[in-house]
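The chain that follows stands alone, in the form predicted alone, written as structure tokens.
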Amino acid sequence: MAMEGPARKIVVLGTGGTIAGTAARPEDHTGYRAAQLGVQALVAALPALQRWPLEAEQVAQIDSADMTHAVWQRLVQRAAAHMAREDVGAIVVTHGTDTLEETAYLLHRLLAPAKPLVLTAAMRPATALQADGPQNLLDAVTLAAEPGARGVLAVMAGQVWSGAELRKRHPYRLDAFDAGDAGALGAIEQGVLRRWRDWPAGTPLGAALVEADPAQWPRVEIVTSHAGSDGRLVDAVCAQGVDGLVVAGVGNGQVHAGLGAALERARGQGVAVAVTTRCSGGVVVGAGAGAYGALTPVQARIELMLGLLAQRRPAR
């Protein structure tokens, strides 16, 4: 019988980010270099983590603003491989905040694991006077060891979020994330989880969906409707070759007439079009075919890309 709970290993996968960043001056919160410390160093700097059996692996070492499909592919593959191990009970991913919401959504859609996969990050570099990374990492491992926890989760500033709903809402503050209208799943308080909603659920598409060369993944771009939109950007992107377009519409997903005409031309050329809103909250309601409901533009881009990848898969 397999061991259960925190007795099983927690694998910490490092990808870089501000949590691994350093600055020349401890008071500098913006002029730092991301991804300077390895994940082993982050773990070793926290004696409180010694109570859990941890295993650390460096998957990438980048500023998350520079996230690529190739890094996503490797992260998905390594996470899936560790999740399949009987001796592993959970995974923690250290990441940058800039694209944390994108990676979280991708992992949710592809893996939707029965074990917890917890992402965490930091808004201040490791050298800051009051660095938030160590507490966030401790909270992430605490959450990963929580009996019964499951799904893709994220923890920042003590708040626990669903990876399917996460979104960055502030460029500087420590409490930089929310989940739109959905709200947090819970909070880590003095090392104890207080949960308010159910763990995230979903049907995994599977890591195999992204096994193809990332250079061959569908190209999906995001365009925004705004005053004066005339659609020339859409025409230019289509001329360069694109498989899908996500539209961040105004209000309830409406688009400028000029942009709308260009999108119809794009559809006529076989380009898939998804509709979202540029509003920071709410959902697109009753907008017809192509509406992506509560998904943010960057989440919708991933959803559309994965959908197009699924269409390319040979029938089994």
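The structure displayed is predicted, hence computed values, not measured ones. Numbers follow the displayed sequence, beginning with 1.
Just so it is clear, the following notes concern the form predicted together with succinic acid (SIN), a form of the same protein that is not shown.
Proximity of residue 65 to succinic acid (SIN) in the predicted complex falls within the 4.5 Å heavy atom cutoff. Taking the partner from the other structure, succinic acid (SIN) in the predicted complex has no heavy atom within 4.5 Å of any heavy atom of residue 221. Proximity of residue 122 to succinic acid (SIN) in the predicted complex falls within the 4.5 Å heavy atom cutoff. When succinic acid (SIN) is considered in the predicted complex, residue 168 lines it closely, a heavy atom lying within 4.5 Å.
Note on contacts: among 97, 225, 103, 136, the single residue with a heavy atom within 4.5 Å of succinic acid (SIN) in the predicted complex is 97. Among the residues 255, 34, 39, 262, the one placing a heavy atom within 4.5 Å of succinic acid (SIN) in the predicted complex is 34. Of the candidate stretches 42 to 50, 243 to 251, 57 to 65, 266 to 274, only 57 to 65 contains residues with a heavy atom within 4.5 Å of succinic acid (SIN) in the predicted complex. Within 4.5 angstroms of succinic acid (SIN) in the predicted complex, the stretch 183 to 203 places no non-hydrogen atom at all.
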